[in-house]
Structure formats: structure tokens, C-alpha cells
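Before any questions on binding or motion, here is one chain by itself as C-alpha cells, the form predicted on its own.
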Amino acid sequence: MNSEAPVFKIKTGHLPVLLLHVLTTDLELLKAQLALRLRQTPDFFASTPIVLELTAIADSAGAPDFSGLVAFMREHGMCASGVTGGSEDQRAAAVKSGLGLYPDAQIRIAMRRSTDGQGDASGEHRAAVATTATSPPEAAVLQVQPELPGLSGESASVAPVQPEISRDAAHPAAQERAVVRPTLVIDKPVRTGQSIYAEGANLVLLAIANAGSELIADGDIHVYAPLRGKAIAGAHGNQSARIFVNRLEAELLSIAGCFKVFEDGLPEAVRGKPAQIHLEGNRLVMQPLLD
């Protein structure tokens, strides 16, 4: 064997990960809510890399017991891979516990709202995610966000979004929050790292969505070009939302919080073909549009 022959390569990559937004330093409360969420959706986190987002607790004194939290997560099938945000002490403590450091996610600019007198969007998302039919509103301590840190678009406003995890039908408040708006039409390619959010509306994309990009809509998503990034429809729990794609090459597909990550590639029946995605009960169904 030639000892000078390279045996490894190091490259940057755009990989789908989940962001777990930690909103409290009370780890016992955090663990209790995580355990509750896992009982409701036991396969949601299965073997998926998770990044702990610490921005909300950056001003808190001290650092959480990351080793204990990581051990708890591992016992429940969750794979903590690192942290983003937080204070210097918190990031140093995370490194000591074996976690990696991710660059801080850039702050995104929310879509311009019409003068409808609505409140802060981030607060609405937080309440929608942490409050379920079985958990008290005052115990809002975590968010789970399947998205990569994004870059602001050149022509389209973008915003963070939180798909609902709870599949409980008794969630009318989540859908009442969504205000119906005109369809958001994007006619330029969506770049790697860019996120487009059609708040309270359908999203139509007339150009390619590159790998590492993210399309999010409270309604349906239509892509009249290759979809190589992620598509998240029904982001506020609309289970009747659908995704229509001219050429399906997606990294992740999600409707109303039910999602699939395609680490091993898409099924042959829909890979690279026109397809539609919808829900049947709790199952995400992908069907070719043409036989």
C-alpha cells in the first residue's frame, strides 16, 4: 500500500440537522418536557443529529450540566452533536462535555406584515410549540426547529418558523393564528443556506431550490423546478397541506411536523420525477404525478 496515498478528505457540507432551542437553565424541567414530547412522538428524533441552540439562555448565570443533558438525550435516542449561541462559559462547558461548537445562526428578517395589529411572531411560535393539550402554557421551555442556519434572501423576506410536532387534532389555536395572505411567488433560484417562509400563505417557486436551502409555508408548496433542499408545508399544523414538485431530489420533506430525511436517497418511484407529497393519517406519502 502506498503510504503517501490520501486515506481521508475534509470538506464542508450542508447537512440537515435539528435545532433544539433551550429556553431555560432548569434542566429537570427541560428533561420533563422532552420526555413528554417523546412519549407523544416517539420516533421524531430517532438517530437525528441535534444542535442545542442556547441564545435564549445566554444571559443566564453559569452553564447547564451538558453532560447530564447529553446522557439523558442519548438514553432517549437523541444524538446531541453540538451547540450554537450561548455565553462563553456555556460554550466552554459544552466543549468540556464533548459537544462541538457551531457558528451562531444569523438573525433572520421577518416578512413584512400588513397592518393587522398582530403581535411578535417569535412569541407566537414559542407558545405554539411548547404548549400542547397535555402541557401547561407556563412551562414553555424548548423549541425544536428542523432547519439550518439561513442567509437573508436578496428579494424575498425570510423568517424562522417552527413546525408543529404535536399531531393532536385538538389544536385549533395553532391554525387560527395563521392569517391568510396572497400566494408568495419566487422566480429566482433559492441558494444554499437560504430560507424562504410564506407566512399564512402558499409558496410557489419557479426556479431551482438548491441543496441546503429551505422552503417553508403555512399552506402548500409548489416547486416548478428541481427541489434539492428541504420543503416544509403546513408549518403551523395544517395537515391538509401538500407539496408539489417538478423534480424531486429533496433532502427533507415535512407536512404539519411529520417529516422524512433522505440520508440514503429518495425512493426510486419518485426520485428525480414530478411528485406530490401529502399526509395519510400520521404517514407522509410520496406519489409520482405521472405514470
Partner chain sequence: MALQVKCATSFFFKVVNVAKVIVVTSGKGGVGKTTTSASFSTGLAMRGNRTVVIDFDVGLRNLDLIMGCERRVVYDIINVINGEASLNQALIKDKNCDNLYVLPASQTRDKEALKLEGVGKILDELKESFDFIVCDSPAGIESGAFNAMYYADEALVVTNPEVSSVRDSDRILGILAAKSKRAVDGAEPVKEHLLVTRYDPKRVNSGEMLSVADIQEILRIPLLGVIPESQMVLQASNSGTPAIHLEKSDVAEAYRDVVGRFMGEALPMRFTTEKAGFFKRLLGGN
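Just so it is clear, the model here is predicted, and its values are computed rather than measured. Numbering follows the first chain given and starts at 1.
FYI, the form predicted in complex with the partner chain isn't displayed, but the following is about it.
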I have 194, 226 and 251 flagged as a candidate spot, so tell me whether each of them has a non-hydrogen atom within 4.5 Å of the partner chain in the predicted bound form. yes
Picking from 95, 211, 185, 79, the single residue whose non-hydrogen atoms come within 4.5 angstroms of the partner chain in the predicted bound form is 211
Interface check vs the partner chain in the predicted bound form: of 242, 31, 260, 247, the one with a heavy atom inside 4.5 Å is 247
Assert contact_stretch over 69-77, 186-194, 215-223, 84-92 against the partner chain in the predicted bound form, heavy atom within 4.5 Å, equals 186-194
